[in-house]
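Only one chain comes next, encoded as structure tokens, the form predicted on its own.
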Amino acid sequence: MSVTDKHPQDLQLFLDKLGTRLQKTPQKGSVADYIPELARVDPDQFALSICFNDGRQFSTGNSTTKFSIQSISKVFTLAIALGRLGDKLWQRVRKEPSGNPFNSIIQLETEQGIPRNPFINAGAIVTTDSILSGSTPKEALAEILMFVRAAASDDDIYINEAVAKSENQTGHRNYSLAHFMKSMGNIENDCDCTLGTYFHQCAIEMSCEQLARAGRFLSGGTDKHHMIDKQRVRSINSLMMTCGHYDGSGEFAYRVGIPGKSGVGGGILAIVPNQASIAVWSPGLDSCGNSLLGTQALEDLSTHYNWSVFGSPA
């Protein structure tokens, strides 16, 4: 039974109190200053939105303010790639946690240019490259944007060109990852084309309310939101649980206990299987590049409503 079936007003009150409390927290983390456009974002902003499978949505804070979803976009491109390639994708990218920072090149050198999972940067670049094959960057981006808009049931979702340009100008590590994988035969397209597409997908802007609605295809929503096969939903959720927060994935699973994917823009998309999709945004990041207050908000929410897939506390 959904928590909204009993006392929906209690949920809204809980969210408002949670948001107010967290916004007063002095330690909010640090914004991603290595991307100049993201360094300009006000770290005091906070938003959270929950969209249940029956369509009811509850939000608090700056929930209509748009932000750069960054690596959360990898969830959507993975869904597209799996729909196109199926299990053939796993010949080019594995399904294991990396235990290293999201932009590390160390494992690529010892594992023949095959990234550990599709959520670290190297794996996401390969995933984007697989979507780009057979199409132009413009066509690939149009497909990605169309998928995101359809998932959110909202056409008012766009790419921030200034953010994409900022990422391209400072994305030297991503260029090194792409060229190394190219040298190992695991990038099919021109590196500039693949990375240009990748930087633009990361620069998609959404509000928490839009992002929460977009996640319904992973939460077992209505037939309208069954955009991919149920087996693919299961696969993506399992990867979000084990790999969605880079080398902080174990900590997130321990504290929150539901699948989630973070982005260095400060957003997190989390899924309560068969119940709801949750989006939270707080620009300040922890040492692993995940939203500091966003993680705390999801931990408090999951604990309060016993949403952890590992069971309720004793």
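If you're wondering where the values come from, they're calculated on a predicted model, not measured in any experiment. Position 1 is the first residue in the sequence shown; the rest follow in order.
This protein has a second form, the form predicted in complex with another copy of the chain, left out of what is shown; the following refers to that one.
The candidate spot formed by G19, P26 and V264 is out of contact with another copy of the chain in the predicted bound form: none of the three has a heavy atom within 4.5 Å. Picking from 201-209, 182-190, 135-143, 159-167 the stretch near another copy of the chain in the predicted bound form, with a 4.5 Å limit on heavy atoms, gives 182-190.
Exactly one listed residue, out of I120, A151, M241, V126, brings a non-hydrogen atom to within 4.5 Å of another copy of the chain in the predicted bound form: M241.
Of the heavy atoms in Q91, none are within 4.5 Å of another copy of the chain in the predicted bound form. Contact check for N274: a non-hydrogen atom falls within 4.5 Å of another copy of the chain in the predicted bound form. Within 4.5 Å of any heavy atom of another copy of the chain in the predicted bound form lies no heavy atom of D44.
Although the partner is absent here, D247 sits close enough that one of its heavy atoms falls within 4.5 Å of another copy of the chain in the predicted bound form. Contacts of stretch 248-271 with another copy of the chain in the predicted bound form, defined by any heavy atom lying within 4.5 Å, are made by G248, S249, G250, E251, A253, Y254, P259, listed in sequence order.
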